[in-house]
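Listed next as structure tokens is one chain, alone, in the form predicted on its own.
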């Protein structure tokens, strides 16, 4: 299969590109290297050392004999170039990671909010329009987020995979209708993903595009079998307040002897998935696309859920760390439940990596090994969800 991986230099895109190449697919990465530019903006680097793209691709070729193409292209700004690329390469499928992916960064300031919307929405729409214009039958797999549902929206009932059956009252009695699960985004980033859903729904109906939307939980872990082959292929490990996911931040904090920073009560429940399972889920989605005329296929890409405070206690026990509670910079419920339906990937053969099995490896091989690269001034989250929110001195 010939596959374009949009955003293939990023945390999820890079290991996905290697995984698909290793599986025998013909892979081309399309990326404008914006994530590296944001590192410069924030003045913080991945805890793991990330090599230039050219070097990464040369090493992969040396180790495996497999070529991965690379095109430096801005999806939001360079529509004509992207459309020409589709016509030239005629891919069978596109994996779309080409969006600004951090909720805290999207709430950082006015510039970041506008950039997130401009980049994410325009990029997604350009991809859809280009597929239609090309006339090619390209299957699109998009990395979405569990955040489109909001947290605790469905109470104790499982959040279904994308769609909800509702009863509509009419003069002749109630009728059943299937709708997209009501969106409840908690940040500008999550808002762009809910807009993506509507774009996908329209183009699946209007132009019969074949689209799969992966509503993914928080990705943890750093390495896949492919990125572990050589340190020059290593994946990102973000730990800062804008891009570091809660688990990565806890691991890095424990590795350097910093208290684990739990925001609020830690009663927020989050969904998690290991990066090894992310790349496998993408492959499964590529190999099981919807047919032309089908509605958008939605998978909840989640393997387990944890409350933040329980996660902190798990890591504190593993790595002999202390826990500190700080004011929550987000605007969210103090406590929430999160019950997620996630049957589709299990039915298609996913055997997930769970936290209890992978945490020691992550702590030993990544957080402790590279702890000397940590910039402790970047630990505290400084992006707040609205002006005037109460913050501690550490958060301003």
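This structure is a prediction, so every number in the text was calculated from the model and none was measured. Numbering follows the first chain given and starts at 1.
Missing here is the form predicted in complex with nicotinamide-adenine-dinucleotide (NAD); even so, the following discussion is about that form.
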| Heavy atom distance at most 4.5 Å to nicotinamide-adenine-dinucleotide (NAD) in the predicted bound form, all of 131, 200 and 296 | no
| query | Does nicotinamide-adenine-dinucleotide (NAD) get within 4.5 angstroms of any non-hydrogen atom of residue 224 in the predicted bound form? | reply | no
| Contact between residue 237 and nicotinamide-adenine-dinucleotide (NAD) in the predicted bound form at 4.5 Å, heavy atoms? | no
| task | Consider residue 74 of the chain shown here, and say whether it contacts nicotinamide-adenine-dinucleotide (NAD) in the predicted bound form, taking contact as heavy atoms within 4.5 Å. | result | yes
| query | Using 4.5 Å between non-hydrogen atoms, is residue 300 touching nicotinamide-adenine-dinucleotide (NAD) in the predicted bound form? | reply | no
| query | If we take heavy atoms and a 4.5 Å cut-off, which stretch out of 41-49, 28-36, 350-358, 367-375 is in contact with nicotinamide-adenine-dinucleotide (NAD) in the predicted bound form? | reply | 28-36
| Contact residue in the predicted bound form, chosen from 194, 245, 305, 283 - any heavy atom within 4.5 Å of nicotinamide-adenine-dinucleotide (NAD) | 245
| said: Under a 4.5 angstroms heavy atom criterion, identify the one residue in 204, 219, 94, 121 near nicotinamide-adenine-dinucleotide (NAD) in the predicted bound form. | reply: 219
